[in-house]
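Single chain ahead, by itself, as structure tokens, in the form predicted alone.
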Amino acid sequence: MASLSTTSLSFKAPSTRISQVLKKGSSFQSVTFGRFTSSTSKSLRLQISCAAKAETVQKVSDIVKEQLALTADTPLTAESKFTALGADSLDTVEIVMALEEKFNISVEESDAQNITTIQEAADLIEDLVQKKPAA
């Protein structure tokens, strides 16, 4: 597992400057800064990924299978899209409600509308659980 402790990242290429400010304690799945070309014509690429725990992804997968009445042997991956599994907008709302109940969290409507994959749901859950005040 990797850890990143910083409040700011800056990269400077010959003709490009990109700064990405990361709030302390923020969580993110992927930050891509694109490709840079150096004076030696080599292409450089930086990507940072922090994905949810496998246990969370598995719990989300189980809930999705249950809500969509999928068979136990239906293969699901973190990248599985709800729509590709046959979910409509009502199914997605029901999936989010089941996730809220299972993880004892509350998902804002704006966040719920952005969940399209199992991985996105798992990442959001871990973020909300982490931000939840201690009981």
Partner chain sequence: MVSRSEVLSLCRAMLRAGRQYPHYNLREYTKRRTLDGFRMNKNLTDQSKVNEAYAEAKAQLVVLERSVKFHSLYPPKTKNIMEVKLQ
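As the structure is a computational prediction, the values presented were derived from the model and not from experiment. Residue numbers count along the first chain shown, from 1.
Not on display, but discussed next: the form predicted in complex with its partner chain.
In terms of contact with its partner chain in the model of the complex, the residue from A84, A69, L90, A54 that brings a heavy atom within 4.5 Å is L90. The closest heavy atom approach of Q113 to its partner chain in the model of the complex falls within 4.5 Å. Although the partner is absent from this view, E109 contacts its partner chain in the model of the complex, with a non-hydrogen atom inside 4.5 angstroms. Contact annotation for E101: at least one heavy atom lies within 4.5 Å of its partner chain in the model of the complex. Under a 4.5 angstroms non-hydrogen atom cutoff, its partner chain in the model of the complex lacks D62 among its neighbouring residues.
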